[in-house]
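Below you will find one chain, with nothing else, as structure tokens; this is the form predicted on its own, and questions on how it binds or moves follow later.
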């Protein structure tokens, strides 16, 4: 099998269908397990599956594995072994709830090399979409590369052809370098590698996203086929947007940073359309550029617009080699702010200065009211890195792959903003609970979507059991009791825990949290935790370890 520095051409267009698999019988839940008999195990190991493209090839199931499988190397930081795979997961421990019917899609970078050239940063990898389809206690799995123009060009030309997070095309000459810079200003050379999130629009369309606007790509949730670029039909222009829009059945909110006149356009898109409409604009209070806005929260009536001192930097964008802050610069002298805009009018109702902060991901926000029902302040929670920008450089693949037991993960917390609406110039930022509760690690969060923009109690995220170099636990946060429950598999790396509510549930945490785990043996599995007790319900072994993924969405059975 190819090493992490290669990508087998014979498998680039291969779909493997283990059609002869069947759900194995399970032992009692108290044993947490489906135990395969030796005969059944030998049957699986000798199974031959067909490749659905020419030339047809027979591939032993057990040979489709990640580099380092069994020698203690994580598959989390190695490239995906093949472009696509599909089949039922039959090695299941525990019981998958019968009510859990639908599809969990997870997006993320999955290919970190072209030929012998290895990428530098976690965020550079070409997108791999993973599908977990739950049906009547059974689990079907598949993955596929998203066929962005950047990915297709790289495979065809055997080199990076578009500007990724830290990777840039290698010019053949000075003239080609000048031409590449010109295409950068027009946006032509920016990547469309949609490797960050995946969303279900109100009309049912599934779109994969990254921070470049051109990197909005529609996929088929059943086959994972790339349908094509999601074209916005408005004239808002710009090159970048928030990687995480706010999406419900009736709303789609996004922020578009303005790099020329530093600020943010707040836009809304109706279900069934591709047209974003401007609701309002926020002018930056600091400079020289808008702060990075990877995500943002909303409440029932307001949009919360963050302005970090970690700001976009045109000079860094032009560099052939990355700086420690990549496309950004740290400007603490410029101040840190949070703005609040009315959804209905587009008017700014608050703009406050807050302590410095660094966050990728907001968790949720809601409105605080007085005894007369008037909104007095906005509460906004995020995964906050103690204003420490070094988290960006810690995500270099070299750093992630070279963990030797030192505790090098920068501290993080649940940062809680309180934004007064009485005209006060200052807002508050403090920890919502003691960070030691979750090992001073905090990122990759989800909540019960029924509580989006409303007062809530629980959040699900990735925390830390130290020493570590990356978040390595799954954590349930109780914001009322200010406590956390943590799940940990020694040596493993879990992806974002995505909460799915049980149909008809009346309690906020009545449901499950779904994650995908790279374990210490180079293998991996899908994990289902009880949303209330945070105990493991089931795990289903993957045929081989998967790269680490980022964000996902849930498609209920009646909507899939």
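Since the model is a prediction, treat every value here as computed from it, not as a measurement. Residue numbers count along the first chain shown, from 1.
We do not show the form predicted in complex with a small molecule, though everything after this point is about it.
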{"query": "Exercise: residue 133 in contact with the small molecule in the predicted bound form, heavy atom 4.5 Å", "finding": "no"}
{"query": "is_contact(residue 216, the small molecule) in the predicted bound form, heavy atom dist at most 4.5 Å", "finding": "no"}
{"query": "4.5 Å heavy atom contact, residue 264 to the small molecule in the predicted bound form", "finding": "no"}
{"query": "Partner contact for residue 191 in the predicted bound form: the small molecule, 4.5 angstroms, heavy atom", "finding": "yes"}
{"query": "Contact segment among 161-169, 347-355, 481-489, 270-278, judged by heavy atoms lying within 4.5 Å of the small molecule in the predicted bound form", "finding": "161-169"}
{"query": "Residue among 240, 207, 96, 298 with a heavy atom within 4.5 Å of the small molecule in the predicted bound form", "finding": "240"}
{"query": "Partner-contacting position among 145, 113, 212, 377 - heavy atom within 4.5 Å of the small molecule in the predicted bound form", "finding": "212"}
{"query": "4.5 Å heavy atom contact with the small molecule in the predicted bound form for all of 253, 255 and 459", "finding": "no"}
